[in-house]
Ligand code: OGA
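Coming up is one lone chain in structure tokens, specifically the form predicted alone.
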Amino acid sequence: MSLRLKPLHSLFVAEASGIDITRPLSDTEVRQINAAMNEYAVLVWRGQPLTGQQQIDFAKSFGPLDLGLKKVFKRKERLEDERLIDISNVDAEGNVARRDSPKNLSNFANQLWHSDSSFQDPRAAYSMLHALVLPSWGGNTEFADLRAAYDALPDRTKAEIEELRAEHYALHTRILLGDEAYTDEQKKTIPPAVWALVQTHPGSGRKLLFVGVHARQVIGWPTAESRMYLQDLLEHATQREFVYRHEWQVGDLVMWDNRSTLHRGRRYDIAERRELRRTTIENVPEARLMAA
């Protein structure tokens, strides 16, 4: 069967079906999914009984896996395969984590608008998040379309940002949330990455506004002016008309393109168990992610 798509938002996002993603994908199926991602940027797959290995295999169809901050901070993990990123409030022993735990610090950082691994080079391309256990309320994930955000900018702002670049730093969100317990050596292992504010998505050819909470400095600008300007751009990019809210169901797998969207988790009762697993691929030459 071929890929079927049902739009879920007026600007981006589609529900995907017609392809069995629990088994190895054919080259044709990979091309179909890449073409859909170039158009919609976010795909929602419902009712997917994926094992961890099946999720890894699905992600590997599109490129090498990205471990994000796991490459820097080695902590005890409850999942055996480090390529599965544990998006949960569950500690290494399998219990719901304390409210003040490092695990929940990561969860709170995930509630800020960001794109995965924008703080490294190469940055991330696609992420896939699979829902296993959900709380009784909250915990939705929101996505913002950076292509539509660019299109809606005033011409004056488009001209102003055309040549600007911003520094993205991994610990910026942690420090914002009060976690400053990092050694100089740890900070040196994750140097900032610098990205243009205006980018052209290689698959769709559309221009986009590449912002997010990891961006902390416009290169060549004073810090205070930089941060206020980046905050203004982020507020613009995350206006309601550019945002899709995903209400999770167990078995959902949501796939998004970090090069053209932002996302954030929403609040839930962290005393209730919530378990999702993420896989992410590194940005690779576009030949790997192009439709035929």
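Residues carry their position along the shown sequence, with the first being 1. Bear in mind the structure is a predicted one, so any value in this text is a computation, not a measurement.
Below, we refer to the form predicted together with ligand OGA, which is not included among the displayed structures.
Residue-level contacts in the predicted bound form: of Thr173, Ser204, Gln217, Thr141, one residue has a heavy atom within 4.5 Å of ligand OGA, and it is Thr141. For the residues Lys103, Arg147, Arg83, His114, the 4.5 Å heavy atom test against ligand OGA in the predicted bound form is passed only by His114. Only one segment in the set 91 to 99, 114 to 122, 204 to 212, 153 to 161 has any non-hydrogen atom within 4.5 angstroms of ligand OGA in the predicted bound form, and it is 114 to 122. Though the partner is left out of this view, Leu134 does not reach within 4.5 Å of ligand OGA in the predicted bound form, counting heavy atoms only.
Although the partner is absent here, Leu129 sits close enough that one of its heavy atoms falls within 4.5 Å of ligand OGA in the predicted bound form. At the 4.5 Å threshold, heavy atoms of Asn110 reach ligand OGA in the predicted bound form. Interface membership of Trp256, defined by any non-hydrogen atom within 4.5 Å of ligand OGA in the predicted bound form, is confirmed.
Along 189 to 203, no residue reaches a heavy atom to within 4.5 Å of ligand OGA in the predicted bound form.
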